[in-house]
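The data below hold one chain only, encoded as structure tokens and taken in the form predicted on its own.
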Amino acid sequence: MSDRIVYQTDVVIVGAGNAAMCAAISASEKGANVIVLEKSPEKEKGGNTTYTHGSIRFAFDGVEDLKEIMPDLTPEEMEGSDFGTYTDEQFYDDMCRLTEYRTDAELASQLTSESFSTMKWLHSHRVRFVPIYGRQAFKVDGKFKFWGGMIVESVGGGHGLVDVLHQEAERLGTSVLFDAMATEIIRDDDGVHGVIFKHKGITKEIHAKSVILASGGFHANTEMRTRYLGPKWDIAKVRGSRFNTGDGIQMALTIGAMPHGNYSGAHAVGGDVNAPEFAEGFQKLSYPFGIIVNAEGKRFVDEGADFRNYTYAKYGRAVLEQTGQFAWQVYDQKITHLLREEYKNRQVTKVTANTLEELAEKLDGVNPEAFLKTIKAYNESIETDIPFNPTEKDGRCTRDLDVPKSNWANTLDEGPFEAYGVTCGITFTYGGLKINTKSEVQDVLAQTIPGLYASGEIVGGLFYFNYPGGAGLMAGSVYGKIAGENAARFAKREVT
């Protein structure tokens, strides 16, 4: 007989980030006893949520909707801001368009249609939101104009969001075990009945009536990255949590769960070439207003193809495919005042020069002659009669270049010039488990595994190739809430 320590609960949740804690709060609201297993020590809790700014995408019809989740909005803020609208249809269209229409239509529709009600639910649980004036708005004619469908962030960023959700879960009676790594799902022919885990190196068990997996993807697992994403991904920098090593996915696949989604795809951004692994503030995302060149001194992406929110998660892959897996972002003085705050970090790979010729010699690893040729052709190709407007896709473009720039094309001719060295940083992976609209995990026969639920980045099928910024946190919240509700009902054997 095993002498393991055994815990008993209604619902056990693997993971302790946004999706997991939304599930914990939701299950607790339904009267379930909940235990959360967090692989990390307490000081590093929160998974990938802590690597975000807390920016979250949701559908809203105007400022009156925003006031429901930001009741502290002042009359001056409302008067001085053009928040616009972002309808359910626009959100759904972005999900379809950016994934090349491969997103799971049923899940995507549920995500977008329930996004606003979930925001109100988060607000009811003491999550505070504020407008993203610093990163999602530019002042035009004295008024802040927001762009790209993302308006708010949680107070305190990702860390603040995690702290509030943990406090709420604790208030509702949830217990969290840190340094607790789940290793196996307990299952028989009737469904799942808990998990086996290592708690500070000691193997223990939790017997539960339902299990929620919210432990993220496999971006921090070198072997899985290379197996699924392909060559070079083993040398990509890891921007997200070091604890997201695919454990939940592998445990679920072992008991017959259906793998689902874009296993060869990942959220990967351009960020500082010399940043340490698992670094926050890694990304460098003002590239739509400048150009990006590779070792051959050539541009290789359309920096202005769309708002940064709609391209940043795929351009890291493009950098990884370049010689040496690096590139340089280049700006002149017309643009430097628009650079985001991460360009001002103390630890940044940056060179400056008064002339383009001087800059060419400072770009480490770049062919200087080819770079100057690229700049000349780029400057001569710009439709300068079209006004520059950073708050909309302005159509200020290039003509007759092999790699076009579709918007925000400005000549690079006013020194001093600045350039920033970047590489690929992977944040999370897109492949995961198949769920239905109740967040129930499906098996390889497309049947529900009784008692097993999933939410957050472990869910496959929502994102392919690309990703609308802020949709990950929203998906984690929506499906965390749904998973918690249904896991609690299952545990209580309620009829749904």
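One-based numbering along the sequence shown. The model shown is predicted, which means the values in this text are computed figures rather than measured ones.
Not on display, but discussed next: the form predicted in complex with a small molecule.
Interface residue remark: D302 is not counted as part of the site for the small molecule in the model of the complex, having no heavy atom within 4.5 Å. By the criterion of a heavy atom within 4.5 Å, L473 is counted among the residues contacting the small molecule in the model of the complex. In the model of the complex, at least one heavy atom of A20 sits within 4.5 Å of a heavy atom of the small molecule. A487 falls outside the set of residues with a heavy atom inside 4.5 Å of the small molecule in the model of the complex. Proximity to the small molecule in the model of the complex holds for none of Q136, G149 and K284, with the criterion being a heavy atom within 4.5 Å. The stretch from 464-472, 25-33, 66-74, 431-439 that comes within 4.5 Å of the small molecule in the model of the complex, counting heavy atoms only, is 464-472. This chain is displayed alone, yet in the model of the complex one of G290, G316, G240, G194 has a heavy atom within 4.5 Å of the small molecule; that residue is G240. For the candidate set A266, A257, A182, M95, a heavy atom within 4.5 Å of the small molecule in the model of the complex is found for exactly one residue, namely A182.
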